[in-house]
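The chain that follows stands alone, in the form predicted on its own, written as structure tokens.
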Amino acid sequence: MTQNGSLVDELQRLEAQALTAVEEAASADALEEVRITFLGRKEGRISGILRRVGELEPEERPRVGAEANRIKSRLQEALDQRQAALEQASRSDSGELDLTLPGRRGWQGGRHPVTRVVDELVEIFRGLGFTRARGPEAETEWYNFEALNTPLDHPAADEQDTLYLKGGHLLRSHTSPVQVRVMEKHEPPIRVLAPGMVYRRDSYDATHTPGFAQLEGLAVDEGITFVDLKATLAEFARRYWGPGTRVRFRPSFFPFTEPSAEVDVKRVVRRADGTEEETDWLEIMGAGMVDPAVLEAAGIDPERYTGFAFGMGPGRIGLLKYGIPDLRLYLDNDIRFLQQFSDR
């Protein structure tokens, strides 16, 4: 065997040793030691062999040089791959990045639970002949109080209950002003629903929030009686909670209706084992016949027309429907809570 063949064989043995050392390097420092040992310019073992090339015949030197270059390129590639593997392992161990975890799906929005309830209520009343109406959230005292038979010395108009704005306006405390605006613009027959946000100086707790959704309804026509009110709300309750739902009307007082009533429902719920059980009576809304003074303030002849009105809180309805224990969950913007109501 010539000296040329001997140097080539020696280079190939070094290649095998170096590749093994690279694979076994457990840290960046160990990997650097392997690089210096085999590829270092002064003390590197491959460089040591190349220094002996000058002893070869001129025609034999190219083969040794070509083999040395191939091995150096192969070792550098192995070193780079091992370094990348060590860096990835280091990031995974530190929690910075773990590429083995499955990718997260993009967030997809859904309707808020209160919005879902409002849409369901509107759809039911649409089937009963009602249309949807809207009005401004910043109202005047006339529309919020006086046109609804509520004088400004009434406790409801006190600053302790109502949020007043500059310029003689206030944040509406109910959606009843929408009913007045509709009656001013349209002749009977009228059947409208007015959903929207209302604002009061309430405490912020499990059953009260300063801002909340409300939905009110109004029907005005010739010959409307309390029987029509009871029939409409009873039909709504059966369509929303099921045919076994019972409805109860209790006498109450509201400045803008006379007579007035609180409306309660007793629902039939199905247990997990398939049995059915009636709930206790639960109050869901206030209602009554529109006071003649309210019709007159809106420009409608109370001698010719009568009407009924009702109002409910979709947020509280949602508590009953979905078993939600706290109104504040609607406003916390907790994705874990809200994603339960996603349309996906």
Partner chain sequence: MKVSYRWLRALAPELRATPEELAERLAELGFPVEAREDLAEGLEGLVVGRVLRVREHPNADRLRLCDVDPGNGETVQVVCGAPVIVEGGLYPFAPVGSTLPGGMELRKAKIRGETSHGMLCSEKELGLGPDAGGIMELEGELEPGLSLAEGLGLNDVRLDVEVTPNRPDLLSHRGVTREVAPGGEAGLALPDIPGEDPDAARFVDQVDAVLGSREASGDGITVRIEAPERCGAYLGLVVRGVRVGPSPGWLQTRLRAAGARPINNVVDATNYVLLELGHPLHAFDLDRIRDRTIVVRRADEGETIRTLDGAERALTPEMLAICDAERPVAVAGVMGGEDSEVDEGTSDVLLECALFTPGPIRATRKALGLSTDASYRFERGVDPEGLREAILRAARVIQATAGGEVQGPIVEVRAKPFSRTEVTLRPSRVESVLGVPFSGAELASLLEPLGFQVPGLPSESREKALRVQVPGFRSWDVSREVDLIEEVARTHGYDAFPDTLGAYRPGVVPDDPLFELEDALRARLVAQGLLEAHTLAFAPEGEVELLNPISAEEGYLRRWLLPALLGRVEYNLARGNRDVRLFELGTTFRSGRAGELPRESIHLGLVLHGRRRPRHWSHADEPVEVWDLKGLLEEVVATLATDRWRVISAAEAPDGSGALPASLMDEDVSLAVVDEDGRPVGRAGRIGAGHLDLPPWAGAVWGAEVALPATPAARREVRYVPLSTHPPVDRDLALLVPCTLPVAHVLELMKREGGEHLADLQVFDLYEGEGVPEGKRSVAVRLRFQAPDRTLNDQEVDARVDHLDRQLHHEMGVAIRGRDD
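Note that the coordinates shown come from a computational prediction; the quantities given were computed from them, not determined experimentally. For the two forms, the rigid core is made up of the largest set of C-alpha atoms that agree within 1.5 Å on superposition. Residue numbers count along the first chain shown, from 1.
One more form of this protein exists, namely the form predicted in complex with the partner chain; it is left out here, but the text below deals with it.
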Fill in: Partner contact for R270 in the predicted bound form: the partner chain, 4.5 angstroms, heavy atom
no
Worksheet item: Should S6 be classed as touching the partner chain in the predicted bound form when contacts are defined as heavy atoms within 4.5 Å?
Response: no
Worksheet item: Is T115 a contact residue for the partner chain in the predicted bound form, using a 4.5 Å heavy atom cut-off?
Response: yes
Worksheet item: So in the predicted bound form, does P177 come within 4.5 Å of the partner chain, heavy atom to heavy atom?
Response: no
Worksheet item: S73, T207, S252, S90: which sits within 4.5 Å of the partner chain in the predicted bound form by any heavy atom?
Response: S252
Worksheet item: Which of the residues spanning 61-89 lie within 4.5 Å of the partner chain in the predicted bound form, based on heavy atoms?
Response: R63
Discussion item. Is E77 displaced by at least 2 Å at its C-alpha between the shown form and the other one when the rigid core is overlaid?
Written reply: yes
Practice prompt. Taking the rigid core as the superposition reference, indicate whether the CA of P189 shifts 2 angstroms or more between the shown form and the other one.
Written response: no
Worksheet item: Aligning on the rigid core, do we see the C-alpha of G109 shift 2 angstroms or more between the shown form and the other one?
Response: yes
